[in-house]
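Presented as structure tokens, the chain that follows is alone, the form predicted alone.
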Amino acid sequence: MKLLKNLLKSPMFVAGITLFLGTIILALIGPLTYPITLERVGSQYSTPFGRFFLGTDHLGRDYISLLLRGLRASLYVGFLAGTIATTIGTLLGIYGGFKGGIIDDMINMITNLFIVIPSFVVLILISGSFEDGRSLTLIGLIIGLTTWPWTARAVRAQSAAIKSKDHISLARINGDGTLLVLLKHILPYLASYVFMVFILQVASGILSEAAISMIGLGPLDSISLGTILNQAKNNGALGDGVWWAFIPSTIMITVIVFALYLINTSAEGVFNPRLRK
């Protein structure tokens, strides 16, 4: 509660959490208050501020409907990818840092192998191999399974530093097993650090989904902010100056990632004693 109060005293955190919660509320409540339709409702690329506030796309579909549907999809992918990457990275990192020895060396070897190979290249190759059935869940899984290594490395360093503390040695003398020590005595110390890692992983998941969707390797069964940009690119909106086809979705992605950056930066200022005023 004290840390939460300190966070709420940070204008940067308040601004970030307000923006981020605003996007979540928009994604959840927007479809309930606005008549969502993915059917043709107007002519191709109708200009905004007329019958349709944000105009229509190349198929005559209402852009507000597309953006609301796309925002929910992108947030889903971001949270799914962030959860998977943070869970895998935290478990491997905390276990390797605590155990040390050959187990730590093996985990380090696997982590370094994944780090050496650019995760975005792996993401493209795996996504491209699924010509059919690329769903939002599959995209989130692929992103999460390819972006955990830096989390594992960062958490491992923290775990290795904590294991030498007196209360850890006392717990081991009292007969606590490895799992109990990790969950009861080490993980609570890393909770704030894992929270910051999760925030960054969610932002990375949203950006990664937008990037692969832009090049045509995104979900095939859903509309996301990235697929909206891909459709705008493929149908000449950028060259023809149809700004409403790509500017709103770009702004949404930017706002979400910027909000998460503000949350992470302000949290680091509170959780890190060296940065705390």
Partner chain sequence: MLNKNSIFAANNCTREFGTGKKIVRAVDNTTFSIESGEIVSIVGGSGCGKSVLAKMMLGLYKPTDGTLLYNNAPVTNTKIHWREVQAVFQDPFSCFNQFFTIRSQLKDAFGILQEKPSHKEIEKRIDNALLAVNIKPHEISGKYPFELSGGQMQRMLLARIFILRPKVLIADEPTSMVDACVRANILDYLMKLKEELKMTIVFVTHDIGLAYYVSDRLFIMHNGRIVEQGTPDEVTLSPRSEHTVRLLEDIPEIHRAWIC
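Numbering follows the first chain given and starts at 1. Since the model is a prediction, treat every value here as computed from it, not as a measurement.
Beyond what is shown, the protein has a form predicted together with its partner chain; the following relates to that form.
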For its partner chain, considered in the predicted bound form: do all three of E39, S43 and R61 come within 4.5 Å of it, counting heavy atoms only? no
Given that the partner is absent here, does G100 sit within 4.5 Å of its partner chain in the predicted bound form, heavy atoms only? no
Flag L170 as yes or no: does it have a non-hydrogen atom within 4.5 angstroms of any non-hydrogen atom of its partner chain in the predicted bound form? yes
Give a yes or no for F79: in the predicted bound form, does one of its heavy atoms lie within 4.5 Å of a heavy atom belonging to its partner chain? no
My question is simply whether N174 lines the interface with its partner chain in the predicted bound form - judged by any non-hydrogen atom within 4.5 Å. yes
Going by heavy atoms, what in 173 to 194 lies within 4.5 angstroms of its partner chain in the predicted bound form? I173, N174, G175, K184, H185, P188, Y189
